[in-house]
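Take a look at this single chain, the form predicted alone, given in structure tokens.
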Amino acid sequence: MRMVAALSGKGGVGKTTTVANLGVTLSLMGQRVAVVDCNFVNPDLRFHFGVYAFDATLHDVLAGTISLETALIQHPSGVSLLPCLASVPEWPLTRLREGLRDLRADFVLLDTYPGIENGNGELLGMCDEALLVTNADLVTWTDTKRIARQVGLPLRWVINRQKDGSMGGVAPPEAPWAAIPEWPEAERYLLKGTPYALEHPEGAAAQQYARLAGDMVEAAARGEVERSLARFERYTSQGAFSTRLLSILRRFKEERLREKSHRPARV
């Protein structure tokens, strides 16, 4: 399971839209995906999935009154959604990690509120990487770079609402990044409760989400292989494995990496 937090320096840059569209894109690629709304200021993630009524929230999971798996809402896209309330929970956010322990998911995407203060610091401590969502204007870009220096996790940048490929006069980040072009009638898709990438996988924006998702799947699989090989090498150093056996295991793991990176999409 790979946990990814979506961050931004300010609101309104498309962070929640990114989580929704990236979530469905990963799911269409055959990944098991859960999206968790941790934006305790504006918990709007559920609207992107057309969810207007629910029985349980992240707050209930943190309180221990319901299991995370029971609280999840299953969307037709294959994505599992956990909504939250517009209030900071009274319970430690680290309980979310405990709830996820038995969840069968390849990716868990966390939508957060702007900045990395307060509870966002706890969330980052549970994550494997972070998505920095920004626009290409100088003010937003500068604020996002401030956030980037404080995250302490592997980063991927998502530059939203690009027009004609323009970067707005700012230099591309050194970390991996994806440029998401502005798509028409974005508000209509929100009101409809359907992520754009789900209805228009052939669109330019959806193709960029697919490229980003593919990079994330490949990185996750590569990390799994590297961790497994590190364990094998520790055993070998203790005489538990021969060099020949280790070579066979390496090839096996590399084959698994290729298979996982090219897992066929669901139909």
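Since the structure is predicted, the reported quantities are computational estimates derived from the model, not experimental observations. Numbers for residues come from their place in the sequence shown, where the first is 1.
As for the form predicted together with a small molecule, it is not shown, yet the points below apply to it.
S.K.: Heavy atom within 4.5 Å of the small molecule in the predicted bound form: which of 186, 85, 103, 73?
M.R.: Looking at 186, 85, 103, 73 one by one, just 186 meets the 4.5 Å heavy-atom criterion.
S.K.: Here the chain is shown alone; which of 137, 128, 182, 122 has a heavy atom within 4.5 Å of the small molecule in the predicted bound form?
M.R.: By the 4.5 Å heavy-atom cutoff, the listed residue in contact is 182.
S.K.: Where, among 154-162, 89-97, 139-147, 73-81, do residues come within 4.5 Å of the small molecule in the predicted bound form by heavy atom distance?
M.R.: Only one stretch passes the 4.5 Å heavy-atom test: 154-162.
S.K.: Please run the contact check for residue 39 against the small molecule in the predicted bound form: heavy atoms, 4.5 angstroms, yes or no?
M.R.: Because a heavy atom of residue 39 falls inside 4.5 Å of the small molecule in the predicted bound form, the answer is yes.
S.K.: Could you confirm whether residue 17 comes within 4.5 Å of the small molecule in the predicted bound form, counting heavy atoms only?
M.R.: Contact check for residue 17: yes, within 4.5 Å of the small molecule in the predicted bound form.
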